[in-house]
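This document opens with one chain alone, in structure tokens, the form predicted on its own.
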């Protein structure tokens, strides 16, 4: 058996309860698993379309539509046009459970791209797995996500790989030894900070240690109590386990008391919003990404140019991972020759896809292994680190 189902306590309970509450909605819907008899091939994009993290969900949708348009201009897939259907989960686990059940109840969705945060993904994934509908998250990095089942895939690295890259920047590129951690108080943030501590201990470099760790509520306006404790502990670099909306205010507030502090984030910091929110304070902030829009590669340059022309901004790493995720799903449907759920899953498991985020193959757990590019901010722009 390729994967072992995991029990996720309350998360799974929520999924089961919601499923039982809305299961009657399946009556009269397609249950064979093959929706290719429909006039269009529908792909769901689920993520936050409103609220603090809306940029991510809207980016997923724009990327999905762009990839679908490219296929549609060539005749679509299985001779049918592709339609992207957007669902707003507000980055809420409660909303995501309802959205996931709605998607599986539709009966004509060929696959799901989403959701965004790992905690939300972990709520929705058991519903897709139970109904044998492929889900590819472009952003989930929690180790448990892809272990939900064999219909659950991710086009993002597991957080331990990304955390190792962030530590590498802090220690080897910035030359710092006293690491502070500030993490959001979510399952993902708590798990990520734990992984950072374990990796630093395992690294075993003389003098390199975690001097302090503070957990904060995401979306707060004032992080100064946590910053004061990190600064008093002597941190010379701070790793932020959170999104750009944590990195930007932490950098601004930290530099008011310690202008020399170095800040390292994760790939979810790679957003124009980080620069707009952080201003001069985020100069020098560093993080690893799988995709870098300033690449000199002609394929990436053409993609970035087309995306910017269509949507008015450059694609982020996670947006680009969503773009490739749709391409992989369509390739799997084409190879399967139908939208039969099992056939699509099996074809996706074997896909070897050359996209803008590199060559992608899934391992036996539905995970990917990709190379990181180290990025920093100079002069209000993202630049590749030397």
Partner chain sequence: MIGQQIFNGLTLGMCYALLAVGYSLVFGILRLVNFSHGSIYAFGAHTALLLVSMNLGIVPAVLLSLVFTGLLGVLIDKTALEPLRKKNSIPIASLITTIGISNIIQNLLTVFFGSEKKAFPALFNFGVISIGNIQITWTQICICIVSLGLMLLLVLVVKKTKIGLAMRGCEQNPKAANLMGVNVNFVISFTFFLGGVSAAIAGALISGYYQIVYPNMGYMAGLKAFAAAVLGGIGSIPGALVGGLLVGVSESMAATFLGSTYRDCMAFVILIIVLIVRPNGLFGKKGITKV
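Small disclaimer: the values here were computed from a predicted structure and weren't measured. Numbering follows the first chain given and starts at 1.
Not on display, but discussed next: the form predicted in complex with the partner chain.
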Picking from 215-223, 67-75, 109-117, 93-101, which part of the chain touches the partner chain in the predicted bound form when contact means heavy atoms within 4.5 Å? 215-223
With the partner chain left out of view, choose which of 172, 256, 302, 81 has a non-hydrogen atom within 4.5 angstroms of it in the predicted bound form. 256
In the predicted bound form, the residue from 147, 286, 277, 158 that sits within 4.5 Å of the partner chain by heavy atoms: 277
Within 4.5 Å of the partner chain in the predicted bound form, do 270, 366 and 378 each have at least one heavy atom? no
Is residue 55 close enough to the partner chain in the predicted bound form to count, meaning some heavy atom within 4.5 Å? yes
How about residue 245 - does it come within 4.5 Å of the partner chain in the predicted bound form, if we only consider non-hydrogen atoms? yes
Is residue 229 close enough to touch the partner chain in the predicted bound form, meaning at least one heavy atom pair within 4.5 Å? yes
Counting only non-hydrogen atoms and a 4.5 angstroms cut-off, does residue 176 reach the partner chain in the predicted bound form? no
